[in-house]
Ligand SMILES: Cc1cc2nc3c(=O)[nH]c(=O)nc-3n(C[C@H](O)[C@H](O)[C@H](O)COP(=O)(O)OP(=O)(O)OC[C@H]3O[C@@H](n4cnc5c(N)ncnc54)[C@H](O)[C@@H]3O)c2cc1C
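Just the one chain here, laid out as structure tokens, in the form predicted alone.
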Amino acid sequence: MYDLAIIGGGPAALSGAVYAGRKRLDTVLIAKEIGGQLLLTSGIENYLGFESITGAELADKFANQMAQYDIDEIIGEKVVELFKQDYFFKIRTEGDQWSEARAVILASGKRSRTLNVPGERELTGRGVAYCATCDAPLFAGRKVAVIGGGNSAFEAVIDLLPIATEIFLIDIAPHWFADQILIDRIEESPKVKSFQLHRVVEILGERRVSEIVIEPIEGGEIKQFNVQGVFVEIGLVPNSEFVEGLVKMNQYQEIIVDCHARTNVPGLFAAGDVTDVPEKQVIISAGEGAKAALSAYRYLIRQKGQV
């Protein structure tokens, strides 16, 4: 029986583990992998204290700091079930490992919706990116493609406008779903070439992205463009399926939390991208993870004989 179980391996989870360790809580961290979406980010230039660092390097630094504390780890296992029994929680992984804890922090993050086309997975982190806020500055003076038609895609284009030399905006829908103010700004730029009703067929490149292949939805001529970057901005999916029905979620399946990182279930906290907290950034997730651990500590200390 642990005091605290932390589900996830990204910035929110690792930050929460550090704070739990400092409070000397008997803690277990359960994650499919350490790093989360950091591992998909080729470069980070907006995390305080580091002018430039790769996502993998920052994840290693987080993990090394966590290792200073006596935190049990179950790595390589995805959580598939979580429920509350009396005054504690039971957690089951896909490998049928069970853990019990008096409090839980859900920090399972989000996963990017993928195109599922040849070359995407192989070139992720080598030109294929899922966060323009993080990676746009790395493509200065280069041609890029942005995939998507909503606000996130248009915000990515806006981030890239002063940086890239040419931007191909590609979406399968017949019209844009972004706010009109964003659409107006994009349409004013001669740098942007739009392709509605087109889908990505393949992303090409050996060591890095070199070309993107698209085709019309209703059939027609296949087009191929030289690009050095592809930003996939077709949305994110919260990793919250295993707590559906247990906690309150919003329409996007994000876990609803208050300003103390508390869910509607006593003893169950949440932090990072899996929650409804706005702005999905590494530095925000790390702060929310710390807050969740401190809130969990206060919850536990109020439970007679729990800590």
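Position 1 is the first residue in the sequence shown; the rest follow in order. It should be emphasised that the depicted structure is a prediction, and the values quoted were computed from it without experimental measurement.
Not pictured, yet referred to below: the form predicted together with the ligand.
Listed range touching the ligand, judged in the predicted complex by heavy atoms within 4.5 Å, from 260 to 268, 65 to 73, 245 to 253, 277 to 285
Contact criterion met by 277 to 285 only.
Pick from I170, V79, L160, A101: which has a non-hydrogen atom within 4.5 Å of the ligand in the predicted complex? Result of the distance check: V79.
**Prompt:** For this chain shown on its own, do G119, E187 and E215 all sit within 4.5 Å of the ligand in the predicted complex, going by heavy atoms?
**Reply:** No.
ask   = Looking at the partner-bound form in the predicted complex, is V28 within 4.5 Å of the ligand by any heavy atom?
value = No - in the predicted complex, heavy atoms of V28 and the ligand never come within 4.5 Å of each other.
- prompt: Going by a heavy atom distance of 4.5 Å, is K61 a contact of the ligand in the predicted complex?
  reply: Output for K61 is no: heavy atoms all beyond 4.5 Å of the ligand.
Can you tell me whether E57 touches the ligand? I mean in the predicted complex, with a 4.5 angstroms heavy atom cut-off. Contact check for E57: no, nothing within 4.5 Å of the ligand in the predicted complex.
According to a 4.5 angstroms non-hydrogen atom cut-off, is E155 in contact with the ligand in the predicted complex? So E155 counts as contacting the ligand.
Determine the residues of 1 to 19 with a heavy atom within 4.5 Å of the ligand in the predicted complex and present them in sequence order; the list may be empty.
Stretch hits, in order: I7, G8, G9, G10, P11, A12, A13.
* Asked: Versus the form shown, are the CA atoms of A153 and V277 closer or farther apart in the predicted complex, given a shift of 3 angstroms or more?
  -> Their C-alpha distance grows by at least 3 Å in the predicted complex.
Q: Taking the shown form as the reference, report whether the CA atoms of S152 and G35 lie closer or farther apart in the predicted complex; the distance changes by 3 angstroms or more.
A: Distance between the C-alphas of S152 and G35: shorter in the predicted complex, by 3 Å or more.
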